[in-house]
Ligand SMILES: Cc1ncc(COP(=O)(O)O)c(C=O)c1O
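This document starts with one chain, in the form predicted on its own, laid out as structure tokens.
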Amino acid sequence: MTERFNKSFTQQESLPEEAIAAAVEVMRSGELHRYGGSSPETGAAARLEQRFAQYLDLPYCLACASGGYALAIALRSAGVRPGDRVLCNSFTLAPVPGAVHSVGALPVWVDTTPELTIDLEHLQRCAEDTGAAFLLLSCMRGHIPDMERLLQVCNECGICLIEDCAHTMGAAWKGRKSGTFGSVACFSTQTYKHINSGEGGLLVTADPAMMARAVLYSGSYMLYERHRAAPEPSVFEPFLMTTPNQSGRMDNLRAAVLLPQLERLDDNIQRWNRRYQILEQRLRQSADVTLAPRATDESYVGSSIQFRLPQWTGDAIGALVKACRDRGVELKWFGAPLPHGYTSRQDHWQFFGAEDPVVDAGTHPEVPGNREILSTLLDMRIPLTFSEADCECLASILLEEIQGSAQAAGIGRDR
């Protein structure tokens, strides 16, 4: 062992000076609440909603306290009710089943392909077998499925598509931005996403009734006329007395720091992708490593990288994770027996069955592809605090440790 990597995998770039100045201005005004002050219609939250809607070329946007909260009210606004079944990727993150649980629904797990996307054939079978009318689609770790084929399945099966775009802000399929395919979509602005407010979420839709319900759920206190990226007041009227306030608004302080970051997003995507491509090209040098293929129709954001070691045992992968950690490189392993950090998986989310011991077996179909793929799947963040030279260094350490761990475990001796 020679070189050690000494940068933090959780340290993000400083906020732009414009964001810091905007935050100071909001703090000096004291008008942090989005409905406070003399002109809330021009406050940072209202302006962020309008600007993000423009970025996606959609009419409506709602700024929320978190991406997970946005998912929950998206489900409610789409019409999901207690006891309903919601189709979900089995490869996703805990806030997704958490949102399904929060509305009293049950997940129908859909299998995973080697491309790390939802298995569309299995999706169709699950929809037909269970009658589920909703799909909460996660483009997990930024991997986008064939959206044309997915929409075809949704249309054929009468499925309402809800997009979880936490990892695909700024990404696209055939030039059409992620988040513009379904009835409603949600984005995250949590620190490790593509724009950073610590916590936060954005809900977008072109459906006026859906947006009216979402605004009311978010806790508008009947001040919905102060939203600039929302439908006309008359659209709200049928829902005023039947939609509970489940407060989860974004405040002006967080919105203020997001606005300048949104203007830099496309430039930052290019920076992420240069770093990603360095790591991708170097990792392809190892015969042990399998990288998920990217479709030519996909425009991605390389803020993290995933690779598999299909011929490796769990013990060997665990040893590799430790060896890399000893050299300052943080890998997350989705095959670990217990949930850790951001790497929990479908068999860890046992809170559905724990509350209802008589869960319909059809709600939990077998997902053998997901189990096999995640058992050897490793994940690594690529923060923009890493330079391109840092990514070269990381790739060298990874290749050295993969080779060393393979030799120690007796993997690939006959290659």
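Counting begins at 1, following the sequence as shown. Note that this is a predicted model, so its numbers are computed, not measured.
What comes next is about the form predicted in complex with the named molecule, which does not appear here.
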Residue (of Gln246, Thr180, Thr313, Gln190) lying close to the named molecule in the model of the complex, criterion heavy atoms within 4.5 Å
Gln190
Select from the listed residues Val321, Cys154, Leu216, Val96 the one whose heavy atoms reach within 4.5 Å of the named molecule in the model of the complex.
Val96
Distance check, His167 to the named molecule in the model of the complex, heavy atom within 4.5 Å:
yes
At the 4.5 Å heavy atom threshold, is Val100 in contact with the named molecule in the model of the complex?
no
Just checking whether Gly67 would be counted as a contact of the named molecule in the model of the complex - the rule being heavy atoms within 4.5 angstroms.
yes
Verify the contact flag for Leu71: yes if a non-hydrogen atom of it lies within 4.5 Å of a non-hydrogen atom of the named molecule in the model of the complex, no if not.
yes
Can you say which of 88-96, 227-235, 268-276, 289-297 gets within 4.5 Å of the named molecule in the model of the complex, counting heavy atoms only?
88-96
